[in-house]
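Take a look at this single chain, the form predicted alone, given in C-alpha cells.
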Amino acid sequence: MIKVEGLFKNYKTGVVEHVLRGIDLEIDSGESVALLGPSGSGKSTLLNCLGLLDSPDKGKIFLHGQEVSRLSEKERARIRLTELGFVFQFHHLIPELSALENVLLPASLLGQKPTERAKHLMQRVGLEEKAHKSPAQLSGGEQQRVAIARALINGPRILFTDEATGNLDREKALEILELLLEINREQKMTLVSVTHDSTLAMRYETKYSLQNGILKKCS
C-alpha cells in the first residue's frame, strides 16, 4: 500500500536542517501505524510527504504500486482528493457551514453531493442528531468527529491523522482513537497516525519511532 525508499528531507532556515535521513518504510493495506517521536523530530514532515502535501528532496514514495513522489501538483492534488483522507490537530471546519455541509465539502470539489453518504458518516461518528448544527454549537470532540467524517466522504483508501486528539482531554482522546481504529478495521482502510502519546500509540498494530531523522520500528 505504502512504500518509501531512501527518503531525505531538509529545511533551510539560515542553516540546513536535516529532518529526514534516508527513511525506508513499508505499510500494508489495512494496517494501523503510529508514528512516535519528540516534538520537532520530523513526524509531521514524514506524514506530509506520505500524504503528498510536501515533497522529499531525495528518495521515492509509492502508493498502491505507483511512484508518486515526482508527480505534478495537479496529479498529487487528484490523489489527495480521491484516495487519501486527512485529520489534523485543528479541525479547520468552516464556521458558516453546518456540520453536514462541512462533511460534504471534499465531495463538492469533485462536483458531487452525496448527501445520504454524508448523513451515514454523521451517524457513524455519532452525530446524526447534530448534522445541522454549526461548528460553534459543537464541543471540541464533536468538531473532531465532523472532521473525521469529512475525511471519509470521498472513500479514501488511506487515512492520515496528525495529532488528531492533541487538543482533547484523555477521555475524549480515547473515544476518537477508538473510532479511528474501528473504521480502520471495518473498512480495511490503512491508518497512519502521528502522535506524541505512547499510551495511545500502543493501540495500533505497528509503531515506529522517529528521532534525529532516523525511523525505527518499535518492538
Partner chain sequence: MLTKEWWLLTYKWLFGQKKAGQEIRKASYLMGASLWVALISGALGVGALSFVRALVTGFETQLALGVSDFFGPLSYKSGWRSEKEHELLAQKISYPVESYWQGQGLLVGPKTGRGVMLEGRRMWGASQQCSNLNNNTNEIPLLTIGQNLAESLGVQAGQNLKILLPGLLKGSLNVKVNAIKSFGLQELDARRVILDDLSLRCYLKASGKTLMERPGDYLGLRFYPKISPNDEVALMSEVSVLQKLIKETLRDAQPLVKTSKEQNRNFFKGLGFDRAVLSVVLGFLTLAACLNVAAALFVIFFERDKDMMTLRALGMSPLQMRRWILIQGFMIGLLGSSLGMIGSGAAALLFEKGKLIRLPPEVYNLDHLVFSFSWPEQLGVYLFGVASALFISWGVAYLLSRMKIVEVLGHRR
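Since the model is a prediction, treat every value here as computed from it, not as a measurement. Residue numbers count along the first chain shown, from 1.
One more form of this protein should be noted, the form predicted together with the partner chain, which is absent from this view; the next part is about it.
Engineer: What stretch, of 180-188, 60-68, 37-45, 167-175, brings heavy atoms to within 4.5 Å of the partner chain in the predicted bound form?
Structural biologist: Selected range: 37-45.
Engineer: Given the partner chain in the predicted bound form, answer whether the residues 73, 94 and 150 all have a heavy atom inside 4.5 Å of it.
Structural biologist: Contact check passed for all of 73, 94 and 150.
Engineer: Residue 114 near the partner chain in the predicted bound form, any heavy atom under 4.5 Å?
Structural biologist: So residue 114 does not count as contacting the partner chain.
Engineer: Can residue 142 be called a contact residue for the partner chain in the predicted bound form at 4.5 Å between heavy atoms?
Structural biologist: Result no; residue 142 lies far from the partner chain in the predicted bound form.
Engineer: Heavy atom to heavy atom, is residue 130 within 4.5 Å of the partner chain in the predicted bound form?
Structural biologist: So residue 130 does not count as contacting the partner chain.
Engineer: If we define contact as a non-hydrogen atom of the residue within 4.5 angstroms of the partner, is residue 54 a contact of the partner chain in the predicted bound form?
Structural biologist: Yes - in the predicted bound form, heavy atoms of residue 54 and the partner chain come within 4.5 Å of each other.
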